[in-house]
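Single chain ahead, by itself, as structure tokens, in the form predicted on its own.
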């Protein structure tokens, strides 16, 4: 295989680590970036560098730029802190938030492995959720909503977590089946997601 210049190979290696990007796609992207010219490369570099200033919310683990450690959703007094929706990914949160039909808070558990067994960092997040419920909500939330993809794997993962977290809430629910089986929350339209929220059980 032809050896690429070191700066190009480093970019290829980094791009290949991104979700859904394989080695060949990474090479194509690297050559695309080179073709854009120095100014566009500097703009992209500055934009990526700006991500270093992004913080992670200490309550829900979503991103923010606030000084107090909490994201815009968690500091919003209009949001119902007693209803917490558990999602896997930040993009799931964004999709659900875009429906404008949910007024509670969120909790990002991170993508659950196919085994259903949580990683150490995910267990740390669950411990933080339990502490929040104990300290701020008197030991029980009003409702925990599990917004996992309606696939066999998503159902399996949600059922395990629902059993584990059931003591933390008076009610535990899942999104309704407005979502097609086998679909993904991230790619669902606002109307379908809104229906799923309203039909949760």
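Quantities reported herein were computed from a predicted structural model and do not represent experimental measurements. Residue numbers count along the first chain shown, from 1.
The discussion below concerns the form predicted together with a further copy of the same chain, not included here.
Although the partner is absent here, residue 190 is not a contact residue: none of its heavy atoms lies within 4.5 angstroms of a further copy of the same chain in the predicted bound form. Within this chain, residue 91 lines the site of a further copy of the same chain in the predicted bound form, having a heavy atom no more than 4.5 Å away.
When a further copy of the same chain is considered in the predicted bound form, residue 158 lies well away from it, no heavy atom lying within 4.5 Å. Of the heavy atoms in residue 41, some are within 4.5 Å of a further copy of the same chain in the predicted bound form. Across the options 166 to 174, 25 to 33, 132 to 140, 150 to 158, residues that bring heavy atoms within 4.5 Å of a further copy of the same chain in the predicted bound form belong to 25 to 33.
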